[in-house]
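Shown here is one chain on its own, the form predicted alone, set out as structure tokens.
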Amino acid sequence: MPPETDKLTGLLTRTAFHEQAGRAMNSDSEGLALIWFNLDNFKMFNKRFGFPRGDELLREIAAIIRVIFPNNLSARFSDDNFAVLTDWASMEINSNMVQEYLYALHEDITLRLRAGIYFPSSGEDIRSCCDRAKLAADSIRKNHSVNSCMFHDAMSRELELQQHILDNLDGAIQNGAIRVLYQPIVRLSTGEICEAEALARWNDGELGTISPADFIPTLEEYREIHRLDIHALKQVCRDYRARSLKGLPVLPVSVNLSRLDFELCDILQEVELAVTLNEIPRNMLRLEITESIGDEDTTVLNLGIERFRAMGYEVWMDDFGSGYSSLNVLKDYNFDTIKFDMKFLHGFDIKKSEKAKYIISSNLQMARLMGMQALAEGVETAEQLEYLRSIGFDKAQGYYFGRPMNLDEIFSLGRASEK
């Protein structure tokens, strides 16, 4: 098989596609469309059915693409990502046909192939075109009502923001543009502040405030999130030590870890180093991991969690209830505390919605039976607080108690229980 073709699927490789599509666009880009295909949850498919079946699925998708786009350039870029350079007249119909063929082959399994579409200009860099088509596909990741999307200018601004985040991460860490603030966590039985969560905030010299909703997903997507998490961890430990050296009271602090941290670095070693250098007791640091951990293979992460717990760290599950895999996560992992995401309460009247009450209370009882503490995050009203207290939540946090602030300010609230 020629070296410019992918060994598994027979489609062009990324490099060959860049070269051949680039030449085609430079010759005449009028009427061309670039389609980026991405298969949802491919890693979960491999986990469920095995890698040989996963390889067969990729070959099937490649065969479908060849049938529907017989005279066009098509490539497999990596894993479950494919690209096609075709004409704009039939691109949307044909991109949807790929999905229909896939449904027909696998009626017993839900497989979704998202398509992002971009119309290149003459002389435009093919790599940038691919980035824009991919961004369009990524934009409908959580919108299951559509399978294809065309790139538009707002996405271009998003792409520019992503690039700015990646280009300026090092400088932001070094010059203090990324800092750590703390949100109080309250023990509901006493009303005292018993812990705090460390949250990264980015005040950029050029763009102003960059939202965590922008920089965290970007750093995860481009596998740079461990650099942010390690920076935040070190700052938390330094802040803790600074108060300790002055003889001031301290509180246990929770820090956020991405599931990717367990793949991209030796996160246990990074935590141990920061804790040792700053002489912090392990029981004063909590490690929060998001519920999206359920999307990946459990082996590496499960081992990491158990190693942390064996060494005396509490490990918390963050954002419980925000995804689709809550029960699987509780089955596969051992946590000390579950943080319930109250976002799903928005739009509900707690006094009137028996359904909302049942969802919360039943999940709370499940956590209790598994020996875990329960913390409600995102609490914004006295009504929510009173209900959560009445059904037995241990702790809560949210804007009702205070927005993220400097560590010293938490103690100035006057309700912190000193350690």
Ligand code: C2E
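Sequential numbering from 1, following the sequence displayed. Since this is a predicted model, take the numbers as computed values, not measurements.
A second form of this protein, the form predicted in complex with the named molecule, is not displayed here; the remarks below concern that form.
Peer 1: Looking at 113 to 121, 329 to 337, 250 to 258, 132 to 140, which stretch has residues with any non-hydrogen atom within 4.5 Å of the named molecule in the model of the complex?
Peer 2: Residues of 250 to 258 come within 4.5 Å of the partner.
Peer 1: Looking at L285, L228, I165, M317 here, can you tell me which has any non-hydrogen atom within 4.5 angstroms of the named molecule in the model of the complex?
Peer 2: Residue within 4.5 Å of the partner: L228.
Peer 1: Work out which of Q183, N72, N147, T218 lies within 4.5 Å of the named molecule in the model of the complex, going by heavy atoms.
Peer 2: Residue within 4.5 Å of the partner: Q183.
Peer 1: Heavy atom to heavy atom, is G398 within 4.5 Å of the named molecule in the model of the complex?
Peer 2: Looking in the model of the complex, residue contacts with the named molecule include G398, since a heavy atom lies within 4.5 Å.
Peer 1: If we define contact as a non-hydrogen atom of the residue within 4.5 angstroms of the partner, is R223 a contact of the named molecule in the model of the complex?
Peer 2: Outside the cut-off, so no.
Peer 1: Taking the named molecule as it sits in the model of the complex, is G378 in contact with it (heavy atom to heavy atom, 4.5 Å or less)?
Peer 2: G378 belongs to the contact set for the named molecule.
Peer 1: Hey, in the model of the complex, does P404 get a heavy atom within 4.5 angstroms of the named molecule?
Peer 2: Yes.
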